[in-house]
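Before any questions on how it binds or moves, here is one chain, the form predicted on its own, in structure tokens.
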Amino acid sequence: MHAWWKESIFYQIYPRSFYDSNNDGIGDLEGIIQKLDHLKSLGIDCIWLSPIFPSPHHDFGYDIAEYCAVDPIFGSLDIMDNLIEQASIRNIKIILDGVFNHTSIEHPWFLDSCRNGEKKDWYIWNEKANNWTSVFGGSAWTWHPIRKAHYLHSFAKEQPDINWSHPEVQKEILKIMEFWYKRGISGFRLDVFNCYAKDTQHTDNPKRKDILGLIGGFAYSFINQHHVYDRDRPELFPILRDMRKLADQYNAVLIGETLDENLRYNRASEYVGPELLHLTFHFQLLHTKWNPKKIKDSCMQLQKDFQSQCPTIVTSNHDFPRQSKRWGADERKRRIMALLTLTLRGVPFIYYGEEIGLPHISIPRASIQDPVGKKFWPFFSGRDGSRTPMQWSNDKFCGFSKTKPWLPTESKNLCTVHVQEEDPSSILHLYRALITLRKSHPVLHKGALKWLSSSKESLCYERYLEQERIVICINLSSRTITTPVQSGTIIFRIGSADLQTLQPYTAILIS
């Protein structure tokens, strides 16, 4: 079976914010169809769609009310089928967001469970709440007056956790996955998959006694305990094996999002294997501040953790501030991170808009949509700033819509697709060139990696495959440095750099 995913470049679309075809201020599936040629020209192989299922949108689609349908705000099943077909014509695959740890409180399963119906045990109930805490803050248990018991929600109270220990639940989720496989999708990104299995005795989690737990726990209770009974359970592995068996029948990929509040978390690789998931996300780089040594250490740790497996290279997504917020406004940094993403060993994931350097936008309190931002403001303003509409042109609302969008756009810069199409030196053209380079050199998507000795401000590594060898040298700092390279031919460069000298925030590839 061809491991197509190993050689693919993935592109995450947040559907609400990609392109609005019907001018209601919200992006939709037809809008994605109309912009497929942009992705084709970029060189994308597979689109990951954030949730498009019917939902009351308490957490913007991550609270699903029906799994085998499309929310009317995004379109219909027929339009979804057309998207799959039109993408396939362009040799682009589609994967969906599999949100299987929890549903919406409005899902028929939960409504039945609340009434002690046939699905009474499809969710996790407890007459007395234990000490488990929610990722969204506070207790992970909420009292239900009809059932007269507490239900578990690892996230918002509107997102009750499914009881994965129930055999019928496991069968039903597999049926849902097969429904979509048969419609032509090529896999799932599994939302917080490592939370599926819980200790059935509901044992209290032990308290953390380190500095992060003791101090951080006052403001955010989720991090003041070790989540050994509500996450990363041994019962998870049989679940993943069943998912993998089904996926293999359709040559589909399973990509796991490992829930992680510990910045040194490195268990993601444990869930990758021939009978488990194909890929998992490792978020250490996303947690890393712009410090050359720390970025270098994060990249090296990633490769070490996935030494015998294939890692993912992720520098942005819908849950983290955009690069401009985390790493500063200097575009040179985003350029060298683009090169890093597309030359490190692993499968690259590009978040929509990063190919044009879409900035993180500060959202006024009155305009905050994210429930987490509303709850924790002013300490945390939420995730809206990384979910703002794609900027296509200099028209009103940046060409995203003719109506005021659900989140604001920023048009005070040259960060639009139209402007960058006309500028050969733009970051959009850089992404295209890097993707073309990656695809034209098998060593960059198939080769092994060896770290080379370099200064603390730089990252130097060699990709090698049979007789092909490419050396990558990246200056992560604001000062000029020398490279460890003695000879070779520069086949690609970012900024002013030669074989021996790298100016600030520049890079070279040498064959």
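One-based numbering along the sequence shown. For clarity, every value in this text was computed on a predicted model and none was experimentally measured.
The form predicted in complex with 1-deoxynojirimycin exists for this protein as well; it is not shown, and the discussion that follows is about that form.
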Using heavy atoms only and a 4.5 Å cut-off, decide whether all three of C46, H282 and Y352 touch 1-deoxynojirimycin in the predicted complex. no
Is it the case that C415, even though its partner is missing from this view, gets within 4.5 Å of 1-deoxynojirimycin in the predicted complex, heavy atoms only? no
Even though 1-deoxynojirimycin is not shown here, does D319 get within 4.5 Å of it in the predicted complex, heavy atoms only? yes
Is D71 a contact residue for 1-deoxynojirimycin in the predicted complex, using a 4.5 Å heavy atom cut-off? no
Would Q159 count as a contact of 1-deoxynojirimycin in the predicted complex, using a 4.5 angstroms cut-off between non-hydrogen atoms? yes
Looking at 360 to 368, 184 to 192, 340 to 348, 76 to 84, which lies within 4.5 angstroms of 1-deoxynojirimycin in the predicted complex, counting heavy atoms? 184 to 192
Just one of F136, W109, W327, Y229 has a heavy atom within 4.5 angstroms of 1-deoxynojirimycin in the predicted complex, so which one? F136
Go through Y271, W141, F155, W180 and name the one with a heavy atom inside 4.5 Å of 1-deoxynojirimycin in the predicted complex. F155
Going by 1-deoxynojirimycin in the predicted complex, which residues of 385 to 407 come within 4.5 Å of it through any heavy atom? R387
